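A single chain comes next, written as structure tokens; it is the form predicted on its own.
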């Protein structure tokens, strides 16, 4: 089956029936559950979008195997034009949510493309490279969706902590059989866990205590003994007037519990090979392709926040104040910087030894270490511009009640009626102050992990020789007459 539409996506998710728990109860019909039905509709809209005639050329391409139209996010980029198409397709999807859907399908599709097209790196005595290549091709040809997890439970972050081997907390291999491996323990932060076709489990990175933690695999979301435990849902109301973002784009984050989960060998891509694991990012460049996708989405998100800020300015007519202009200009500068870094990564892209056109990682790393600081500042700017208007926000029902006249009189804007002004300020509130907005801020702050570690990684990986040579030249040069 080639690229799918929204109806097919929902049919598959409904058929899966994975084990998902929320507020102490197991979900029996995820597509109609209050916490999930609207995010699933929003995801379905992405698939419908890609199948529209006007969008198909951008959102799909001809499969190298079947010749059918498949999703652009699965495309192996061989030219800079291919990278541009990947970026534009990501941004086309991101615009449907204002960049608020951080785990749209193209995110993990990009990861799987990078892993699958570097399948030779996974080759060992058991030919596991064939497994990841087949998984990539299966996903591409069937438009599969993936959640993923690569974070261990946050139990004890001290350097001297070691887990009890007999009662594991972090998911580990507890048994190896002729048919596969058995995983027991937990992983964290599987966003959209249980509402995708598959769960991709990636290495946790860093140094491993034992070989039982060295593995990569993908399994269906309804695999026996696989459990997804949800946090509280931030979709509090169905009204898109009251919760314009939370009602549609609440993605849900889950704890993944592996209760002696059996993983067949043909779904294992990496196991008990420290060398392959440690070189995974450098060889497959999956992190670089994820950076490219994420930065493309964050550009759209920044543009959305800029538009929202300017709408607030015009609605309450504060654009003549210099400090207001300065605050909005901060967002403009950030937007143009992110756009420039993204384009720089494509302009300076180079083919790797596998013939893939890989974006320049340096500008992308600069973007991803900047955005965790930029995003909270964007929120602070919106909060400052909106001021008390972000608190004085009656609900949709208030405007349909006997107090409507009071609201129309006292909550009107400089250029709009009270209902429209309130609708705008509720959108800004959902970005800044709601539970959904708070989660978004924390999410962007730690999108690729600890910001300090990311900055250290950029420092250690960035070549500073040219800059030092220039500084040394100036230091040692004679005075110019």
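Residue numbers count along the first chain shown, from 1. Quantities reported herein were computed from a predicted structural model and do not represent experimental measurements.
Keep in mind the form predicted together with a small molecule is missing from the figure; the text below concerns it.
Chemist: Would 151, 190 and 452 all count as contacting the small molecule in the predicted complex, using a 4.5 Å heavy atom cut-off?
Modeler: Yes, the whole candidate spot contacts the small molecule.
Chemist: My question is simply whether residue 447 lines the interface with the small molecule in the predicted complex - judged by any non-hydrogen atom within 4.5 Å.
Modeler: Yes.
Chemist: Evaluate residue 352 for contact with the small molecule in the predicted complex, applying a 4.5 angstroms cut-off between non-hydrogen atoms, and reply yes or no.
Modeler: So residue 352 does not count as contacting the small molecule.
Chemist: For residue 443, is any heavy atom within 4.5 Å of the small molecule in the predicted complex, or not?
Modeler: Flag for residue 443 set to yes.
Chemist: Give a yes/no on whether residue 103 approaches the small molecule to within 4.5 Å in the predicted complex, heavy atoms considered.
Modeler: Output for residue 103 is yes: heavy atoms within 4.5 Å of the small molecule.
Chemist: If you check 253, 360, 330, 398 against the small molecule in the predicted complex, which one has a heavy atom within 4.5 Å?
Modeler: Going through each option in turn, the one that passes is 253.
Chemist: Tell me, which of 55, 33, 439, 69 has a heavy atom within 4.5 angstroms of the small molecule in the predicted complex?
Modeler: Exactly one listed residue reaches within 4.5 Å, namely 439.
Chemist: Taking 4.5 angstroms as the heavy atom distance cut-off, pick the stretch from 271 to 279, 127 to 135, 287 to 295, 141 to 149 that is near the small molecule in the predicted complex.
Modeler: The contacting stretch here is 141 to 149.
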